[in-house]
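A single chain, nothing else alongside it, follows as structure tokens in the form predicted alone.
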């Protein structure tokens, strides 16, 4: 099946023993499972991949979602977690468990990921080094010098939309025995499938494009065969799993992912083109820009004709007070902290995604006081432009 059919059908409609088949995966709330034979229960407790015994190990609704995300990312197996950040943490633990406790990470990451690396992992003797993953020569020197157990990148960086060459970085990781983890939340498996390019583990905030409606907090870890059992082992012990109701909602959201994301990408492209000519805008960051510093990588890596649904722009002459006033004037666009919903969201990195990043590090990352990030929704693009236009007039 093609991707547009897989999002609708994978994971659902299991046929067993002639029983009636529900057209959508049921929400299974049971925490404990028993069998006619205690010997069967013994087997399931020892081999949880063969069936169900306790919900911290596996749940039928979660399993259906995991089958779906495994299919979409072309992985060996998946884990549905309680949040995108719990997915990142499990992925890092799985990558470092039997390797050197050293991470080389992109110097352009989501703020909470930086906090996880610096405040949670570093105190446990994990050495973290940040570098520009889009400067391949610099990255190569850093990796060869630090000999990391793990390289961590985003498929599209948050919020300035830099794009590293996953295929080249994966080859570099293999050369030093490191695992490559890619946070692919911004791109979704429609735009980029990192495992096909050589990555070992892919993570998503399911809260965003996968669930797609602002009503789920969740994460997804999709791994290759070498890391899947380690990911599951960590989850069976620590238990940061997605609830079955949230798994159901995420599956329901994914069924329209192809339609939503294509519309959002189209809206973002038109919005970026319009903003680039707006008199109140200094600069626009968007992956379709022919002058994008990573244009060659984008052309090779992205699905044809799609450039993502996120853009950022700098408001001319605006300080924090002016940006907050601009946000207050928005009438339709939601000034919220997320992305990937059906409605357009506008985020101010200074107070949200990168709030806990030091001013000096934000400056090094290029995140200035006048920068805002837009996650295009599925509304009429003319209405999105009109709302931003009227809000900018007061700047």
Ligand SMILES: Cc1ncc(COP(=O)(O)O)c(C=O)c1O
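Numbering follows the first chain given and starts at 1. From a predicted model like this one, the values you see are computed outputs, not experimental measurements.
Only in words, not in the display: the form predicted in complex with the ligand, which the text now covers.
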property	result
4.5 Å heavy atom contact, residue 286 to the ligand in the predicted complex	no
Any non-hydrogen atom of residue 185 within 4.5 angstroms of the ligand in the predicted complex	yes
Partner proximity in the predicted complex: residue 251 to the ligand, non-hydrogen atom cutoff 4.5 Å	no
4.5 Å heavy atom contact, residue 218 and the ligand in the predicted complex	yes
Contact segment among 206-214, 168-176, 291-299, 191-199, judged by heavy atoms lying within 4.5 Å of the ligand in the predicted complex	206-214
Output flag, 83, 154 and 339 jointly within 4.5 Å of the ligand in the predicted complex, heavy atom basis	yes
Heavy atom within 4.5 Å of the ligand in the predicted complex - the one residue of 261, 130, 110, 307 that qualifies	110
Heavy atom within 4.5 Å of the ligand in the predicted complex - qualifying residues of 306-337	none
